[in-house]
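Before any questions on how it binds or moves, here is one chain, the form predicted alone, in structure tokens.
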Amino acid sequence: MQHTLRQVFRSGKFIVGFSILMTILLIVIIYPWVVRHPPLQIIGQGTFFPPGIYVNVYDAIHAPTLYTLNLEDAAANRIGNKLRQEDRVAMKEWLVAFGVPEDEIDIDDTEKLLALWEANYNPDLRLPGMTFARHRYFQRVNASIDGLLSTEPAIIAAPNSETGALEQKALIRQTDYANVDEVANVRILALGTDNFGRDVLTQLVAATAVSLVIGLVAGLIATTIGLTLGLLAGYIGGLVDDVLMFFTNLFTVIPTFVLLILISFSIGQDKRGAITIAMVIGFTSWVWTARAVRSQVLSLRNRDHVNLSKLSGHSVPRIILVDILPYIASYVVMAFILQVSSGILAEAGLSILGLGPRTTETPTLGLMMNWAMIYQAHILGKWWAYLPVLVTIALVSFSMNLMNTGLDQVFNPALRD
């Protein structure tokens, strides 16, 4: 056993695949202990917040201490954040269409450009040939650049309790900065939020854990059924083999995924839990394992050690478990790894079609893809809602296939170097 394990862990492909899978498992186990937020908690009043660090503005303004920093590029960054290069080009387009000579417009000179814009732009004027969407775009640009070059501080005012008139309480200068460690409420959204305003990273970790459980349960069921039927059919033979292979061939003719769709649809949304879906996948994906195990057993049942066990009067269960099963154990392990990977992919496919587990309890990788597609994240360019899910599914499948290839090289003499 130790010699076999040493051989396995000398396989480069197995080590790479095993390392990737263990890294994913460690993240899945450790992350919930560090970030104790429910994966389906709605934290954002809106959809698809981009990745970043979110600082509470109210707390930032009322931080214990405000620090003065004179940064050279602060003003340029502030202007560039509100007036992008494409906005400058669009402003020039409007001014030229309005009648301003093109040679008088310098889009790199912010002060001159804004002066021309302020002198000529009319938010109520819609130029000939301009679509309504484009007209609204110019209105938004005009609103965003209002007071852009102002150096005056922002005033914080509050109503007087007696007169009701606003009174100045504080001034926030453009050189005032708050230390983020002194701000009471800060939330890191490394992958932003989804269409419901939920933290994508927290949801992704929880979904990976659930999908791995689904793959594990489905793999155990499929491998157990396939192994049992394959051992019985291959060793006993005769009528038993004919009956078992009849049912196996019957399931082979029916496309597995179509069968999955029909069964999942018939169960109903309210009864489709993660384990239920895993069981459905497991009970419909054992066929190729049974056929492969049967072919292995057929080549083993007439070996000398098996015939000797028969002559010794050993029972059929003992012969199968002691004299045949150990010789195909490596193949069973490889089949189990592939079944787990196939189970995760099958759940993802079902969930994308809306036939996966219940959407109100626990997320899965497939459900996250389903939500992203329904709310058109791929069309709107909200990559953080679907790309991390695709990468996670690819990494899990890739790691398991690498492990399987590495094991195949170790246990298959024809593939050894």
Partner chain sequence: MVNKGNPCLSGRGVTKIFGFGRHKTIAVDHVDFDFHEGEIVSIVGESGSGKTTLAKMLLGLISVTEGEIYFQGKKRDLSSGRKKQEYWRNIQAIFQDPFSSYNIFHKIDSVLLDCIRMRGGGNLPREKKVEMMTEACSFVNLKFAELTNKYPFELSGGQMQRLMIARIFLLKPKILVADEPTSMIDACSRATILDYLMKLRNETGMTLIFITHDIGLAYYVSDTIYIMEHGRFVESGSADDVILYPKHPYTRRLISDVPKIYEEWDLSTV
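In this text, all values refer to a predicted model and were calculated from it rather than measured experimentally. Positions refer to the first chain, counted from 1.
There is also a form predicted together with the partner chain; it is not shown, and the following applies to it.
Inset, instruction - Within 4.5 Å of the partner chain in the predicted bound form, counting heavy atoms only, one of 316-324, 108-116, 223-231, 253-261 shows up; tell me which. - result: Of the options, only 316-324 has residues within 4.5 Å of the partner.
Inset, instruction - Just give me the single entry in Ser295, Gln85, Thr175, Asn307 that has a non-hydrogen atom within 4.5 angstroms of the partner chain in the predicted bound form. - result: Of the listed residues, the single hit is Asn307.
Inset, instruction - Taking 4.5 Å between heavy atoms as the contact cutoff, choose which of Asn179, Asn81, Ser312, Ser150 touches the partner chain in the predicted bound form. - result: Answer to the contact question: Ser312.
Inset, instruction - Report whether the minimum heavy atom distance between Ser161 and the partner chain in the predicted bound form is within 4.5 Å. - result: Residue-level check for Ser161: no, no contact with the partner chain.
Legend entry - Heavy atom of Arg303 within 4.5 Å of the partner chain in the predicted bound form: Although the partner chain is absent here, Arg303 would touch it in the predicted bound form, with heavy atoms inside 4.5 Å.
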